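Take a look at this single chain, the form predicted alone, given in structure tokens.
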Amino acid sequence: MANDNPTGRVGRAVQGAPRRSPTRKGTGSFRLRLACCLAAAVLGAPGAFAATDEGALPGLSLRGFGTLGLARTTTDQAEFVRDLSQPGGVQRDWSPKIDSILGVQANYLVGDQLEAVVQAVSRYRSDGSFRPEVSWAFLKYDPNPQFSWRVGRLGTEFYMLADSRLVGYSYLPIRPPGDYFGTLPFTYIDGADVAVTAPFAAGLVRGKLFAGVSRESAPVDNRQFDLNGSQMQGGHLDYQQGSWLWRLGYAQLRFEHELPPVADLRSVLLGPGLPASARAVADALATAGTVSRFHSAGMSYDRGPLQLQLMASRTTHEAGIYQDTNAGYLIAAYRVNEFTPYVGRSWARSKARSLPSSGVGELDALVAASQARTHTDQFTHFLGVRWDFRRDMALKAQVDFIRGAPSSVYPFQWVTPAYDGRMNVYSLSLDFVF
């Protein structure tokens, strides 16, 4: 063997050894808190965002949205994140970083049938900064009410409501349920989509197909998983009848590049002096060139004070490093005047794929530890209340009770071996649109 200790090169990256989050130093946290305070002060001034028509470009409209959030947990053994696009999360101390978002959007009507849309968002992103990025930039062509076509940078619609998950004001909880949405680090693609709407029975059926490439990256330990160039395709079928909306969806992603810890592990498995069976394991673990598939079904009901949401999904992977996952959630809410209390339950469970033996016991243990890094086995009960105290503004308070196996580490960042699978998450937010 070329390396007397084959685990030495990648053990710290894939075996769950204690690691230190690069975000624990609090870089930029004071600036973020100051920005939040300034934004809150501006929001407190009536008409602060009112636009003037004087000199305005005909057909141009400017809009915005944001969330000022605070969250903390009851453990220091894992960092809770909004989703896996964030390199670190919150622990016992209150922090604004995971849920605070600010976005602006410009719509320009080029003609009766053509519209240009650009949206920029500042949020806690994969490189640990809040540097604004362009999340939407597309042309939309609507020749008639039944047909719509868009080309440019589009929000991803892997699941129902996914394309608006950064707009906190548009949904009930403080954040989309993490067990369901948390493992999706994809927010946009560069490509095109086409949608067709037609009456059916007593309602409307709408179908959409999309295709494009990712331009994002996802944090993995202290490195970045390059998603740039990864191809995405999919579509969904909606049916709306009165207060009911149903959806069936499918999407797939073909990875262009290798997951960094897998690249390290494969270099060991492909080393000189190892049996051919080790090469077979290396090929089974690879992510580059493999496809992940996302199947989903959803239902929502919104009539009067009552709101219901029910969603389920199954994710499968060709890459053996990732575990196939089933997930779902249910939310029920009832509005009383300006207050909307809500309760929900979400869950996620994954299963590792059986891989051939490498013929080297130490390497097989390393492969098993690597697969365990993508394991999920937990459920979350959450409850909260939304207070629409002012037009286009809402305050929310929420508590999440996460209960899982100690091996359920994939929804979080920087998990230590002492994590027991249990945490509570306390959250507050101010959501607004303007």
Partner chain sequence: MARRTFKVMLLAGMLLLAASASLAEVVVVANARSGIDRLTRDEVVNIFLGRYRQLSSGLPAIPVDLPASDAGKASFYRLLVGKDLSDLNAYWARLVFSGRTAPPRQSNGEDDLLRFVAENPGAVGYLERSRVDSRVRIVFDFGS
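Worth saying up front: this structure is predicted, and the values here are computed from it rather than measured. Numbering follows the first chain given and starts at 1.
What follows is about the form predicted in complex with the partner chain, which we do not show.
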Subject >> 179, 187 and 224 each touching the partner chain in the predicted bound form (heavy atom, 4.5 Å) >> reply: no
Original post:
Looking at 93 to 101, 252 to 260, 239 to 247, 342 to 350, which one sits within 4.5 Å of the partner chain in the predicted bound form if you count heavy atoms only?
Top reply: 239 to 247
**OP:** Select from the listed residues 77, 307, 233, 290 the one whose heavy atoms reach within 4.5 Å of the partner chain in the predicted bound form.
**Re:** 307
Original post:
Only one of 161, 332, 137, 192 has a non-hydrogen atom within 4.5 angstroms of the partner chain in the predicted bound form; which is it?
Top reply: 161
Original post:
Would residue 382 count as touching the partner chain in the predicted bound form under a 4.5 Å heavy atom rule?
Top reply: no
Original post:
Can you check whether residue 406 is within 4.5 Å of the partner chain in the predicted bound form, heavy atom basis?
Top reply: no
**OP:** Report whether the minimum heavy atom distance between residue 150 and the partner chain in the predicted bound form is within 4.5 Å.
**Re:** yes
Subject >> 4.5 Å heavy atom contact, residue 277 to the partner chain in the predicted bound form >> reply: no
Original post:
Going through 140 to 171 from first to last, which residues have a non-hydrogen atom within 4.5 Å of the partner chain in the predicted bound form?
Top reply: 140, 145, 146, 150, 157, 161, 163, 164, 167, 169, 170
